[in-house]
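A lone chain, given as structure tokens: the form predicted alone.
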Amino acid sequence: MKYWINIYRAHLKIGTAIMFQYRFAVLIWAVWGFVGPLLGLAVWSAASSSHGGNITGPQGATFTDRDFAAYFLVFMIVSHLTMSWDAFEFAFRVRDGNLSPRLLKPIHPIHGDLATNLAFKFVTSTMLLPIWALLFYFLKPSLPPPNWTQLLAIPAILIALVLRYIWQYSLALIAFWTTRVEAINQFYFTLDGFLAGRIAPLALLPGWLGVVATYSPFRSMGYFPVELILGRVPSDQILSGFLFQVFWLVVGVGVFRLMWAGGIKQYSAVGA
């Protein structure tokens, strides 16, 4: 354990130094994360206004303008804390052979990438905190009173972070078989948009799509921790939500290990 703590401490120091070196570029990328949630908020707020101030989903869940504000603002923060970009970056390493020297190191490349990801979130969260506070102040979301389920959102977010990371890293490994992964990545993120609740609360999805979303890994990556924070998860469904997270995490680790073992055997690139 001490060995891995030292490894991650060193990588985090390097990653944080890099983020501060390019702090303005990093801030621009971080601010880009505002676009999707705010656009979703604008669309659903307009829809709510045209329906008398609230929208009711197929299962009876009702959202007002302030409920939509709370949902998308909280989703904005959770999405930032769980985001990953390796699905786009890994293919470049495979194409130009930059992966080769990383394979000579005594630890798996995923550890250095994860530490860089965590450093990005630490630096940018510090920068974005005042902006998040202003958005909450001006949009006046309808937030629930403090309760014990909100504390459970902390482990839910941590599991969602690792879950999303391992699945997106597994997606990135497709680059071992084809270096043109843009279409595959776009399809994955389209699914993520619908099934994780990025475009709309899952409670408002049509019946069949809501069922698919409930049992997909994407719900565990975003919607579940957001709903915990907002107090919208019934107490008798909290345990099952965590079990789904753990299940998809175990499946994701298995998929990652199989794809890495198969992909590394046929890896070839300039400098490989």
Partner chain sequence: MRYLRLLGAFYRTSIQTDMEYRADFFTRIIASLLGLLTTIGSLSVAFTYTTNIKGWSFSHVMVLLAVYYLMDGLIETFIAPNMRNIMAQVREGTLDFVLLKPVVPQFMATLRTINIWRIANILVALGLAGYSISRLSLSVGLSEASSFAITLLAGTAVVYSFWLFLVTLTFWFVRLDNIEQVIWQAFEAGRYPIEIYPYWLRGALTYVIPVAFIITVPAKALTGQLAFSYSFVALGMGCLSILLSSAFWRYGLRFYTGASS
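Positions refer to the first chain, counted from 1. Since the structure is predicted, the reported quantities are computational estimates derived from the model, not experimental observations.
Same protein, other form: the form predicted together with the partner chain, not shown, and the subject of what follows.
Remark: of stretches 213-221, 226-234, 43-51, 239-247, the one touching the partner chain in the predicted complex is 43-51 (heavy atom within 4.5 Å). If you check the partner chain in the predicted complex, you find a heavy atom from every one of I28, T190 and L204 within 4.5 Å. Among heavy atoms of I55, some come within 4.5 Å of the partner chain in the predicted complex.
Residue contact with the partner chain in the predicted complex: L129 places no heavy atom within 4.5 Å of it.
The closest non-hydrogen atom of F136 lies beyond 4.5 Å of the partner chain in the predicted complex. N147 falls outside the set of residues with a heavy atom inside 4.5 Å of the partner chain in the predicted complex.
A single residue from the set L103, A183, L158, L151 has any heavy atom within 4.5 angstroms of the partner chain in the predicted complex; that residue is A183. Heavy atoms closer than or equal to 4.5 Å to the partner chain in the predicted complex belong, across 24-39, to the residues F24, A25, I28, W29, W32, V35, G36, L39, ordered by sequence position.
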